[in-house]
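In the form predicted alone, a lone chain appears below as structure tokens.
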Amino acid sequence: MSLGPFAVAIAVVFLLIGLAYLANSGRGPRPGREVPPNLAPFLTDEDLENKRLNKTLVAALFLSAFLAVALPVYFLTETGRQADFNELYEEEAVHVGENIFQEQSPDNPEGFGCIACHGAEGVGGGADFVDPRTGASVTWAAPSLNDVFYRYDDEEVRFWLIWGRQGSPMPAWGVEAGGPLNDQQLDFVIEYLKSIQIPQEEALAAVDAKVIAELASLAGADASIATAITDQTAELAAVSSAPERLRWAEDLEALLDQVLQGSSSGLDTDLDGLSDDSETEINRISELAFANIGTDATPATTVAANRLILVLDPENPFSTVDETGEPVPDQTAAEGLLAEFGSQILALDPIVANNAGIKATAEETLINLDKAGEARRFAVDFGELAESHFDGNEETAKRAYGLFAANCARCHTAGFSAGWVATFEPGSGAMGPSLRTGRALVQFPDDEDHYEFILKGSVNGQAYGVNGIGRGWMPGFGTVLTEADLRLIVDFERSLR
């Protein structure tokens, strides 16, 4: 523990004692004294200049000696106290930043839900998004943040936090851009992001896995689009059948409600409050519901359709179990089916009310998906690429593409983060400029300048290449990619025509 606070405390005690002494010396008459001090004969010169003066001087000498020792000790320990305070502040800043990053909850009212898209510990994830080109609902690839400071500095990260990324699910978070976070809160988030950065060795070791993942994703692009078309076809069917399903839901809800109101009359073998005839009728209503309301199920409605299934046994008062395996009374299960009809009606009402517009949008989306599948604008001919720019080595050409896809395509390939249904040609341009039609060769006639730019990134206001002015948006990859990999990216970008 630091000695500084003790030194200050002792100095304060001495000061208080001195002040008390002075105050006591000037007090008025006390009980029992006949003559007030101010009326008594004053001290003689001998008393003033010897005893009293000597006491004062000795006290001053000791106090000066104490201060001469205490103040340097306090000064020498100040650096340690400041370091401890900074460490404590950083710990608290990381804690508050983590709270902001997490989901909001009663235990964490400060949460803004960054984790929902970027994953726990910032490992990356996805966000639901409607692609504006196709109209399809996609999962937008949210980047990892546990390695972001290997590419950007503090101010560049702050810029993206403040302004977000237009055309993506990433909103503006800074107050000056209309977001909810002030400067101090942004500082806290940045401190938290710094605290979760993975070691550089780990970032370098992850490169090969990312390349493999990108190549596997490209190989499965056609299947991915086919799945999207199948899902959209089911969605269109569900929209088209919504009016008929709503009618069934309303009719069966009224019928089930009527059955439950008269369910206690008649033979009740299992004594559960539902007559045997009522249970048989409820089973029939459930079958009708699943056949007519649960039709055209999409991934989003399959779970709801399954909730329409109810089979009651007239000889068993607990015919079903809940999600945890606990038995459910038949009366409760029947009431749950009635509530599910109500939920189905609430879900179908707005679809039916706006059916024409929703159906037209779904049809247009399906057409766009079919076009995307036919065009295959994302396709890469690795054989041709290898022959033209990689000395016939197809494996090298594949690695070059994989490196570009993992590190550059998010900004330089239109629709890449939205998935294959929206992806255009590699290097077609998005937030970053297009690299096709020889753009890289125009911007960087010298491939060494091109390499340096990818190595270090752009700096706001500084020139690069031919007539290029940096904004700080282009990250540098020199800390997370080897020179060989960086040069493969250069070769790939210079191959784009």
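A residue's number is simply how far along the shown sequence it sits, counting from 1. Given the structure is predicted, the values throughout are model-derived calculations rather than measurements.
Not pictured, yet referred to below: the form predicted together with heme C.
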query: Of S168, N355, N283, T77, the one that lies within 4.5 Å of heme C in the predicted bound form (heavy atoms); finding: S168
query: Heme C: the contacting residue among V157, V380, A237, L260 in the predicted bound form [heavy atom, 4.5 Å]; finding: V157
query: Any non-hydrogen atom of F66 within 4.5 angstroms of heme C in the predicted bound form; finding: no
query: Exercise: L385 in contact with heme C in the predicted bound form, heavy atom 4.5 Å; finding: no
query: P132, heavy atom within 4.5 angstroms of heme C in the predicted bound form; finding: no
query: Heme C contact at G113 in the predicted bound form, heavy atom, 4.5 Å; finding: yes
query: One stretch from 317 to 325, 195 to 203, 136 to 144, 85 to 93 that, in the predicted bound form, holds residues within 4.5 Å of heme C by heavy atom; finding: 136 to 144
query: Contact check for P243, F290 and R307 against heme C in the predicted bound form, heavy atom at 4.5 Å; finding: no
query: In the predicted bound form: members of 416 to 444 within 4.5 Å of heme C, any heavy atom; finding: S417, M431, G432, P433, L435, R439, Q443, F444
